[in-house]
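Quick heads-up: the structure tokens below are two forms of one chain, split into structure 1 and structure 2.
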Structure 1
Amino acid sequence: MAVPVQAGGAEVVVGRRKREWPLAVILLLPSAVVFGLFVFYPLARTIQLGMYRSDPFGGLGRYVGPSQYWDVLTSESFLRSLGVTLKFAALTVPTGLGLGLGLAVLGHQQLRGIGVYRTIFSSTVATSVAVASLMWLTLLNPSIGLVNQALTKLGHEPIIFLQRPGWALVSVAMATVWQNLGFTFIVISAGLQSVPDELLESARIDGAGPWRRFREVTLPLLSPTLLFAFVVLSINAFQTFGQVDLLTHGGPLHSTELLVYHVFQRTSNDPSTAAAEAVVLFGIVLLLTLVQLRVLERRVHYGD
């Protein structure tokens, strides 16, 4: 049976909301100013610069309109960097997500000394890109690196990881996976904490083994967390810059020239084209994120 709503009560609610508007504006104003100055204004200026041929000092020159964006989309160098970035994402996102999931599941076990284990694998979240890159630069050094020393003891010749086109992108991907592992480990560990123990216990009583409990109980309830981690890792893959700049400088033979590094190289001698490439990169990341959310969210179980 529907309960009638009194008109007087509705008027009171509307009046209260109107009186709260000034307070809401005051509270939102600082954030709006910060976003306007450091996000929306630079984005608008970048879009504008991408429609001009810039002068040597980066100022607005001759207006060329949206045609410069089309030139970027058909540019051989931009498409090459896009292909390298897609390969890099294919190397880092599934690997990082799988390792983070496996380590988080192990860290979720109630074992003696598990706190030390959790601290070790979550510590990389506090490691900067520079520190992680220099660490891997030392590990992969052809003469003093621990990786090549281990290969030599196994009877294999040393590999020049960062100077060979076939190994350079894999090496940068390994450094990136290691650096992001702490974030993935913490996020998935938090998601595992939200899985009710009662459901797992019920499944165990019903005869489900560890793998079946993980597949049919834990994974469905963990799917929102996995979706979040997958999207964030994908965005990070398209925004990777520091590892490339410190480890390979985009080489050898452009084999590690990711999109952000490609835009950075353009900035010094052709700011307008670099601006157009940055806007196109923003559009690619936005479109990729929307597609991921649209497609993968169908498989996400949010519970009742």
Structure 2
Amino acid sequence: MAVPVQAGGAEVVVGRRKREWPLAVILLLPSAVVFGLFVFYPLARTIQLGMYRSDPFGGLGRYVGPSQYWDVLTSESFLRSLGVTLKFAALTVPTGLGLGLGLAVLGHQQLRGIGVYRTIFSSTVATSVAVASLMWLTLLNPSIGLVNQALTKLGHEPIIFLQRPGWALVSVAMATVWQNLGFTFIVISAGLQSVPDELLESARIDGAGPWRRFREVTLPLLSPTLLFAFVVLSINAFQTFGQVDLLTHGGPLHSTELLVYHVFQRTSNDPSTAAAEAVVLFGIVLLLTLVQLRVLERRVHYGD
């Protein structure tokens, strides 16, 4: 036998099993270091930074305490930015969800060549913020953008999409909805595919028409997927930055100054204010995530 070794009568066992936790430490360490250094530490640090008031040269300045949060978060500029962000979420989330659902239902039909349509509907998932923004810049250019050329041909005045207070946020929202459409379509399509055919067939045998089948069978079964898409789109809305940086620079008249853009502008010259505002962003995302977890959990426990 290979293993137990007899040494002078005494029983010696070799290859004794080791404790496993040192292995776990080795396996988890790389991730833990990254998370510690770039997630947990900065989170704590950001909360702390929010209690300082920056000096005029972008330095940390002096410690004020929790009341500094109050000052920052009630400042006109922050509240304006928060308002813009909420407006932006209201413009993008329902639209994105509705269009995604619509496309997913269209793409779910059994038709010849449907694969081509599905690929096109997913295509925007390939675009980055910067790529999507440049594409929309091309479309919305005030003089030679194709949209305005078309409007002119139709006898309409050109629209200065990106520099009119009324239009700028809508334009940014359009670009955002479009860019997210591929993701929304893919996720909702997958949800549709997981609705069992037998349920729809039995509803059909029970005499339910297409609209009732959709409302009473498909939609309820799709609700966790829709909730997921809703939360992701909402979080995206609160994190939006690139479109603003590339399309409008927050203007005109701060009308597109979303939260993250506001934070970004202050990161290097007013870090304390930026930090306090970032904490709010964190709180909002946390809340959205917890809502999602809560609802999903309830469904897992009481649903089906």
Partner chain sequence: MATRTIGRYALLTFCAVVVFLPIYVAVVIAIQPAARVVDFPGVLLPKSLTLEPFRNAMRSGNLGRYLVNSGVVTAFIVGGQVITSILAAYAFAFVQFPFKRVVFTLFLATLMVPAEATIVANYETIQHFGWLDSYQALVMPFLATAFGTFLIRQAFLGVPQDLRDASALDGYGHWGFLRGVAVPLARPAIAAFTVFSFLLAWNQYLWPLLVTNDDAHRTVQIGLKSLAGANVANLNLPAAGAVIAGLPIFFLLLFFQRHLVRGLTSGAVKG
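Each residue is numbered by where it sits in the sequence of structure 1, with counting from 1. Computed from a predicted structure; not experimentally measured. In this text, rigid core is short for the largest set of C-alphas that superpose within 1.5 Å between two forms.
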Quiz item: 1 or 2: which is the form predicted together with the partner chain?
Solution: 2
Quiz item: Cα of Pro66 displaced 2 Å or more between the two structures, core superposed?
Solution: no
Exercise. Determine whether the C-alpha of Leu253 shifts by 2 Å or more between the two structures once the rigid core is superposed.
Key: no
Quiz prompt | Leu288 CA shift between the two structures in angstrom, with the core used for superposition | solution = 4.4
Quiz item: Can you give the CA shift of Pro30 between the two structures, in Å, with the two forms fit on their core?
Solution: 3.6
